[in-house]
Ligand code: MEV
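Only one chain is given next, in structure tokens, and it is the form predicted alone.
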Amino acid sequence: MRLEAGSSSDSREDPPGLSRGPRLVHPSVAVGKVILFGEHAVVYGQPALAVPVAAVTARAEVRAARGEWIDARTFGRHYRLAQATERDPLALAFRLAVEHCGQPLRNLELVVESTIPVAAGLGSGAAVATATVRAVAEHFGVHLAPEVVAALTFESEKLLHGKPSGIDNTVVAHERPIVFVKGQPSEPLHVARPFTIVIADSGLASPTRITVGDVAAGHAQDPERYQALFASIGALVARARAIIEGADPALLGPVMDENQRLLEALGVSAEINERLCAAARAVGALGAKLSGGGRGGNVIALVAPDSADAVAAALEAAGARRTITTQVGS
């Protein structure tokens, strides 16, 4: 999650009477996510498939304090809430959650930590905001349904991404594989047979706001071409869903490769994405594509379980900063 910079004179000031950097004792946790199929086209009404990634998490806790503070320690900031700008998504999530709980935002400190890479397609912003909303609810003893958490988190997503589809906050809030169509209630994605993917962080930050904006500009200039690409991606998503819910998941490989080709046609891929996809396929990955905004971020590769280590090693040798192996549907 990218936070807006506040006043440099106060960003490292500590709340009076509190020690700097206490451990989170009872944090609220939110997981990361990846989009399996359908990114970008989902903004234009096509379906997408997304799954949670429990290997990376955001954690948040709300504590009593003297005054109102945000300790965003992972992001190197510690500041008074009053100094947050209108474009600070973390401050917005904090304020909205407290308001929804019907409580005054007074003498509270929000402490946030995250292991999710920023601008890497793993849902960092949605997870940090979700953990924040849950921490506020936990502090006040209020139960919030996943739909409410997703709706509150979506407001911060708008600040981060401009015109988000809503898929990130939905899959993170529900913590289950989903079929998502913008403007409609999400549906569970039923995984008939678990399958393994390797996620590779390219190390190249890729703010979703930029790629979404560029696709929107292209769509405005050539709507017929872009609508045809979106429809083709939507058809692939339908094929992928049918495979996941009832066939051999190895059949997803060619669908994944075709989705990557369409994303390249949309102009959201980058040399690092294509290099990582090629490296994964060269050592036995069944398919590979970028996931998320593109132009960096992450790549996902479908693998047989016994080839996961070899694919992960090849991805790192090809330039990936880190890899995560996870099973979908376990």
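Note that the structure is a prediction, hence the values are computed from the model and not measured. Just count from 1 along the sequence shown to find any residue number.
Another form, the form predicted together with (R)-mevalonate, is not on view; read the next lines as being about it.
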item: In the predicted bound form, V212 touching (R)-mevalonate (heavy atom, 4.5 Å); value: yes
item: Proximity of V43 to (R)-mevalonate in the predicted bound form, heavy atoms at 4.5 Å; value: yes
item: In the predicted bound form, S165 touching (R)-mevalonate (heavy atom, 4.5 Å); value: yes
item: G296 within 4.5 Å of (R)-mevalonate in the predicted bound form, heavy atoms; value: no
item: Region of this chain that lies against (R)-mevalonate in the predicted bound form, out of 71-79, 221-229, 157-165, 103-111 [heavy atom, 4.5 Å]; value: 157-165
item: Heavy atom within 4.5 Å of (R)-mevalonate in the predicted bound form - the one residue of A58, A285, I35, V53 that qualifies; value: I35
item: Contact assignment for (R)-mevalonate in the predicted bound form, among T130, N259, T208, T170, heavy atom within 4.5 Å; value: T208
